[in-house]
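So this one's two forms of a single chain, laid out as structure tokens and tagged structure 1 and structure 2.
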Structure 1
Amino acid sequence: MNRQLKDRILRWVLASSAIAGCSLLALILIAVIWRGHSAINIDFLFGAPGNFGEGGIFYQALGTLLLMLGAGVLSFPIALGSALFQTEILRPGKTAELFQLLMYSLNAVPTILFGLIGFMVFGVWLDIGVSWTTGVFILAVMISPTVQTVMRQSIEAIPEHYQETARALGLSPWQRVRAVVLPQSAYGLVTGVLLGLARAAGETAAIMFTATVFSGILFPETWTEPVLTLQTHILTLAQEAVDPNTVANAWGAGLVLIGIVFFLISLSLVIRSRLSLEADS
């Protein structure tokens, strides 16, 4: 076989695998929209839940947003603080390596383990039981490495001479952070939070037995009440629903959930592409 022919064949093989890889996303979207669009209407989006899987998903969506925002608010200071500590105060060396290793490990922990141990720590020890606060705590710990990594990378991407100038002016670490680091990495910080929120909104395993119920409540009124979420709503329906209408409702809820997650990720993509355009010009 001649070399040019071989080159052309390999190129087509690689191209088709890339097309197949990307079309997976299209397939998923088509499947979700195809099955879910019939369920979507005003009553479904803004109605209260009825008997098993019937009625609307307004409170489920509200619950997902509540857990997501709670986790975002809690993890923001932790992620930002530790990103600043790592970039501005730690020096390259054993401590920095150990810290990085621990952050990598935290990022790799299977989410179900956050559920198990988080429930022991927050639910049992803090005595808040199966409640939305437990869920918020667990999700906050779970997303903090994601948020921290994106924040750290955007801080590290600040040109070295900005930092050097600030040092040469004799600024203290706090002054440097306020004058240089935060303004220069602001977009990156927002991106980190958005990706963290997207991760929290799509998570099921960590909250399914620690924060949520399927029915019996609309929206938590105290700290220790559980919450309805889209994720666990779909989970229960996927396991138990047989009625076609109920199944369609599960897909409708899935469509709303994927909408929330994709909105957050797309927003972060837009911010980042604008950022790289600025860097190029």
Structure 2
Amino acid sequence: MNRQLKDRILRWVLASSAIAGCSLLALILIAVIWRGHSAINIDFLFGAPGNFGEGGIFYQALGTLLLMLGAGVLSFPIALGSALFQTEILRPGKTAELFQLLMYSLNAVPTILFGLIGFMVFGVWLDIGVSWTTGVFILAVMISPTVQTVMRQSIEAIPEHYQETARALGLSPWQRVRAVVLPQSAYGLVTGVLLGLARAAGETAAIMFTATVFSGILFPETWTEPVLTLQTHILTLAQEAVDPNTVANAWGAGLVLIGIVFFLISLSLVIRSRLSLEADS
């Protein structure tokens, strides 16, 4: 088998893999849009929930955003500090490799385990109970490895001559971080947070028995109250709904949720491209 034939086969395999992945995503989007578009209207998007499966999803969407934003605020300093520690303090070697392996391993932990352990720590030991605060803590811990990985990769992508120039000027490590690392990796920091928020938006197992309820509340008024979320709303309707209109509302809620995820991913790509261009200029 000559080299040209091998290259053609490899290109065909790679192209087939890319087409298969994009086709699967397209099928999912088409199915959600086809089944859920009929439920989308002003009352559905901005109305309060009614009886089972009736009414709007405004408070469910608001609760989802509350958990996402809270998790993003908590995970950002943790992930940034971890990324800076790994890139600016740890020297290349077995310790750094072990630290990176632990981060990758933490990113692969099943989300249901985050929910179980998080509820045991925050809900039981700290006596917060089933509340949106517990959900924020659990999601923050869960998305921190994702955010940290993106931040670390953006910091490591900074050209070495920037660091060498900073050292030649006699800047301390903290001064290098402020003058070089943070400005040059800003696109990665923002992208990491947004991708972490997108992951948090799609999680159900970690919060379904630690932070959310299906009904009985609109919006939490204290730190210890649960919250409505789109994830729990969709899961409950999908399991128990038999009325076609209620099923359509479940698909409509799914369409809104996937719209939030795609918005965050698209925003991260736009911000990444713009900030990277500013950093290179």
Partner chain sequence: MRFLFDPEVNWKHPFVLLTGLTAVIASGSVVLLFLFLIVQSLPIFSAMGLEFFSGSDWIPGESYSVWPLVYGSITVTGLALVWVLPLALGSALYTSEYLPPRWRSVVKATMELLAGVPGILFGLLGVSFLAVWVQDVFGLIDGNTLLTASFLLAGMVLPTIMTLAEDALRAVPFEYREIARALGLTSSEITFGVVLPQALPGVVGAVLLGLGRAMGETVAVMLVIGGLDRLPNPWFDVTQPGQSIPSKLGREAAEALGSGLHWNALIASGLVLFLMVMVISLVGTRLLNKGNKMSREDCCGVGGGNEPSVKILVGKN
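Each form is matched to the other, and the largest set of C-alpha atoms that superpose within 1.5 Å is called the rigid core. Keep in mind it's a predicted model, so treat the numbers as computed, not measured. For residue numbers, the reference is structure 1: its sequence is counted from 1.
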{"property": "Structure number, where the criterion is the form predicted together with the partner chain", "result": "1"}
{"property": "Threshold 2 Å Cα movement between structures 1 and 2 for Pro77, core superposed", "result": "no"}
{"property": "Rigid core superposed: Gly93 CA moves 2 Å or more between structures 1 and 2", "result": "yes"}
{"property": "Asp7 CA shift between structures 1 and 2 in angstrom, with the core used for superposition", "result": "9.1"}
